[in-house]
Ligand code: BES
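Starting off, we have a lone chain in the form predicted alone, written out as structure tokens.
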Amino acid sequence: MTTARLRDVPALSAQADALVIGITGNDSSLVPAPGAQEVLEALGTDFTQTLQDLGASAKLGETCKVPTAGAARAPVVVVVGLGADEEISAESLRRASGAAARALAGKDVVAFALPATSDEQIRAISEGALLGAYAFDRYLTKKHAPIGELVVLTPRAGDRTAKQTVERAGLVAAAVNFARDLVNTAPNDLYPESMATQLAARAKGTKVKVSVTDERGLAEQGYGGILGVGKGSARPPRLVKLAYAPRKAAAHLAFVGKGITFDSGGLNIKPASGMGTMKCDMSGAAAVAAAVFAVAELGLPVRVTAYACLAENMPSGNATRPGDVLTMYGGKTVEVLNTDAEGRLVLADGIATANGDQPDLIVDVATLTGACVVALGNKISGVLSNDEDLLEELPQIAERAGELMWPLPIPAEMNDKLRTTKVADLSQHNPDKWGGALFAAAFLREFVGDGIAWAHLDIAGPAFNEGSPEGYTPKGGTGAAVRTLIQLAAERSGG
């Protein structure tokens, strides 16, 4: 596993297998970023022009490897683009560091001579590189060799706060990578029971208490949503509770995650082309679990209770049918109209359960709707809420964590659509094709307790990257929403 530390040495003297520096500007003029000037000068008086001749670009995340020929202690310099903006943002540093880390896979020690004077910059470089160094090789006979150690060069290497910043970045990156591992695991290996077992094993030696409710307990307690989704599978569902309760907690947060370990669509079966990535439909459950472990390891004075609602949505003679009526946890009845809209059913049970903990805030996380991807694309999560202040606050928290989220409304008309059924309290699916993400959020809101603030994060777009790696984002599971949940907990705790 890649580790990170700080050092206060000149870039040219850094003992490393590779040295990373940054450039800004445009195609006609490349400008050394802070930390890069002395390196470029040592490589030659016209080396900036040489970089242009080599095709180097300041485009964010683009890299160019150059031998130092003895001009620096490191044998290789990697020049990474930081964008055209004169002011370098934390997210630019994060993405550039991630791209450099991917380009230098297999190196034992890599020194980063990027702008690193503030805590925000140090955190961004460390997080980005640790996230970029990630690779999932569980099923490969030839294993991936990531960077062994990344060294952030900074004049604040002896500063206690800076050291704590790097430690925190390491814990956050480890949490994201844990969620990525879960998402990337093949569905024949990750199913409700095995995921519950993994979460329980992860909790050993931590301050997180894990309890698992199996199918018998779910039936006895009336979890009609989770059972209804999971009944078509030979692998029965599970509800996993993860609880971190420090003394003198400043707040109590509840996280609820959708954990569909594979989504065939049930009897409303998906087309073959739509099933290839459906192992990722448990990304929400992975995110909330990973966030709880990170909050505990960071020692934040905030209580967090999370529910991972785990089921496999499969077609069989025992599967839930369109037209079936389910009695949810807490007693509300729901008419199922589309078995491929299963996530809201398991989440509703989880939210209703979280009400009983009387939290200050409930946040659910789910790869819930294709409609959200249509609205926001594949890099932005949607935020919907019953609280206007929270609707404004969460995208800002996400931005501080390095994630993109955008507020969406829950129009009043959705309340009428929820009640078009004549045989149950609520319709499970939108009666028309418009506003699918908004309808799903309105459905979930029906299960939130009176007076409890709630937000829904629809991560259907960014949870799984089907394209090429970019910045610190790998191909496959991305760990979407983990950093936002940790940031939320930190800010609510004052940490």
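No experiment lies behind these values; they were computed from the predicted model shown. Quick note: we count residues from 1 along the sequence shown, nothing fancier.
We do not show the form predicted in complex with the ligand, though everything after this point is about it.
Site residues 252, 304 and 355 are none of them in contact with the ligand in the predicted bound form, judged by any heavy atom within 4.5 Å.
In the predicted bound form, residue 124 stays away from the ligand, with no heavy atom inside 4.5 Å. Contact annotation: residue 425 falls outside 4.5 Å of the ligand in the predicted bound form, judged by heavy atom distances. Looking at residue 222, you'd find every heavy atom of it more than 4.5 angstroms from the ligand in the predicted bound form. Taking the partner from the other structure, the ligand in the predicted bound form has no heavy atom within 4.5 Å of any heavy atom of residue 149. None of 324, 340, 214, 181 but one reaches within 4.5 angstroms of the ligand in the predicted bound form through a heavy atom, and that residue is 340.
This chain lacks the partner; the member of 400, 270, 73, 202 within 4.5 angstroms of the ligand in the predicted bound form by a non-hydrogen atom is 270. Of the candidate stretches 131-139, 278-286, 103-111, 417-425, only 278-286 contains residues with a heavy atom within 4.5 Å of the ligand in the predicted bound form. Contacts of stretch 361-398 with the ligand in the predicted bound form, defined by any heavy atom lying within 4.5 Å, are made by 367, 368, 369, 370, 371, listed in sequence order.
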